[in-house]
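Take a look at this single chain, the form predicted alone, given in structure tokens.
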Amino acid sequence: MSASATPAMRQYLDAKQQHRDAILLFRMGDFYEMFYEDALVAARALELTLTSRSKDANGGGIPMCGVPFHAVDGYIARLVKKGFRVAICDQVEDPRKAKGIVKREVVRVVSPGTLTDTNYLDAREPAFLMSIVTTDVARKLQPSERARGPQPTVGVALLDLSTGEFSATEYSGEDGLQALADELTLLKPREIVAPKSDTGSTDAVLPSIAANGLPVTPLEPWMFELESARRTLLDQLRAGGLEGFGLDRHPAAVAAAGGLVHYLRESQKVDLAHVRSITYRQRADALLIDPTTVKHLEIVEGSEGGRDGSLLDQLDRTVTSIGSRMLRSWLLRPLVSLEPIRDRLDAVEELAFRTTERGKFRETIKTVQDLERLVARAALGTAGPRDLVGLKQSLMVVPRVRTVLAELQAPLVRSLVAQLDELVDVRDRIDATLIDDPPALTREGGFARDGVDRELDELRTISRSGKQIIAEMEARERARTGIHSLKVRYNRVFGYYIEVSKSNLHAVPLDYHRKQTIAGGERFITPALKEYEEKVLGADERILERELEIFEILRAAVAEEAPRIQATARALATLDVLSTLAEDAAVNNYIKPQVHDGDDLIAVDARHPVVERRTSITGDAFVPNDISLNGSSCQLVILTGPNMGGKSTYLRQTALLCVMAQAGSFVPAREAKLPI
């Protein structure tokens, strides 16, 4: 560090030393500034003007660029989407009250896997962060021990920071590693974290299949050591043991999950109150569809690469974003247990026939915002007043939903309705604290209700009456001086002042003290005006401070209720998906399949759901087909015909019937008997 560096630059260099792998945004007044190599990189990536600040030890200018603090979120998102990590070094004390240099700290590190700004995430898709660790790292085995032992187990943890969805699993053997490769291709995590080796790379502990072109962040191996990871995980989950989460016999999964939590706590500098549960994913829980099959069946992406032309696009009539994400996961991981499949189909059947209730339910949930991501923002400390009001408004539909669906008898629907928590305490607290239409950002102020806090009410009374007195002063001064164009105005630089035009300067009283000369006249101050200014502005500053204090208490209280809010969000999302599948069945003339555990696959007048829609748009009729397969008398069908004759469509529609049925959807056919 240069001995001639200014105190602020020494602060910057200290923070940069701790975050060498990130672009450091350093708060300086109303700007976030970048220096040295960071400035050169950011200026190119963001198309910013590059300037220089002071001099370095050699007398050269220090490269610098900056962005306004009120627009920083957009610039952060642009950097992260280009693959950069961004460390935000903010002022953590009021500059007006600081003695000496303002204290600054890195308050958050944003990376591809930790970007949670809803303006830059696809509301219909998850944003997963994945950690990968092998058992030899978790147990601190030496290289010689690794060589002698069996092939290590790979532990994997998956967390969507924007929603709190958290799961872990383990893979072993060649089949397991291939399954991991398939998961990476399907789930497309935004970032992978893994322990680095002695050389600083992740090659020794990260299977070569895992990189897959995704950003990989190397971490210190001790974060993934089993005992350390276990303690971190127990503390995060507020649990005494991992048995209830199904993790007690899966050390590699525990190591991956604990290491991931440690990484997020360090980078986000918060408690992660929305991450209070974890599930262990068994490979046998769902039908595993390899990425090649998913691509050729066009389950979530069409032939052009987007949603258009996919099965998901055909079926997705969900009303909410939480429902849309859930439908996507159902199609990628269809069920393999008969009873849950039948429960979904029974629920879809009842909703399909109960047209009135289905319509009322779908109309009711139109006001539901992304509950999962709203509560996550509250837990991460990034939610604004408008976010919490949106949360309240979303929860207000729950009583109506319970009423609309009260008469339905399908077991799954009844179970989901019972899980809906009206969260009256949370709704009432938000309603009592925040106005109905608050600003998006806390810095704008004016979002707390009158009557919520005695001190705030007193300060507002002073502010409002002070401004009224200033208005009265303007009228009084006009009468006293005879200057009818006299104005009492305010700006941030000079405060309150009296403005008099040039043509009226001869009438200015002796107690007016000149403050500034402008093109059209002069600006003055009087002792009385100065006194009122101090009273009013002091109150305004404290009003904003107190509003911020009230809001932070409210936001923390909402975050503490994250598990309840998340449970209600999941129930609403599931009901949204079930009603969507019922809507699809009614609109597209789908039928309820008979799903069984035998080997008979019989479909009469089956249709390809996507191709059928395409042909209907062009006015052509889709020609349905029959299919009959079993394990004894008809194990094989030989298809012949000319090019473009429909052979591929026939194959794909047969597979899609099974995917749809096991996801819980009705299918496009006249009759269908489908095996698991």
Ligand SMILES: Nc1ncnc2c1ncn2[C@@H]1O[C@H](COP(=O)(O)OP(=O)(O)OP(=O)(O)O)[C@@H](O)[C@H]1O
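Numbering starts at 1 and runs along the sequence shown. Computed from a predicted structure; not experimentally measured.
The same protein has a further form, the form predicted together with the ligand, not shown here; the description that follows concerns it.
- In the predicted complex, F35 stays away from the ligand, with no heavy atom inside 4.5 Å.
- In the predicted complex, at least one heavy atom of K647 sits within 4.5 Å of a heavy atom of the ligand.
- Although the partner is absent here, V637 sits far enough away that none of its heavy atoms falls within 4.5 Å of the ligand in the predicted complex.
- At the 4.5 Å threshold, heavy atoms of S632 stay clear of the ligand in the predicted complex, well away from it.
- Residues of just one listed stretch (35 to 43, 61 to 69, 22 to 30, 639 to 647) have heavy atoms within 4.5 Å of the ligand in the predicted complex: 639 to 647.
- Contacts between 608 to 642 and the ligand, taken as any heavy atom within 4.5 Å in the predicted complex, involve V611, T615, A621, F622, V623, N625, P642.
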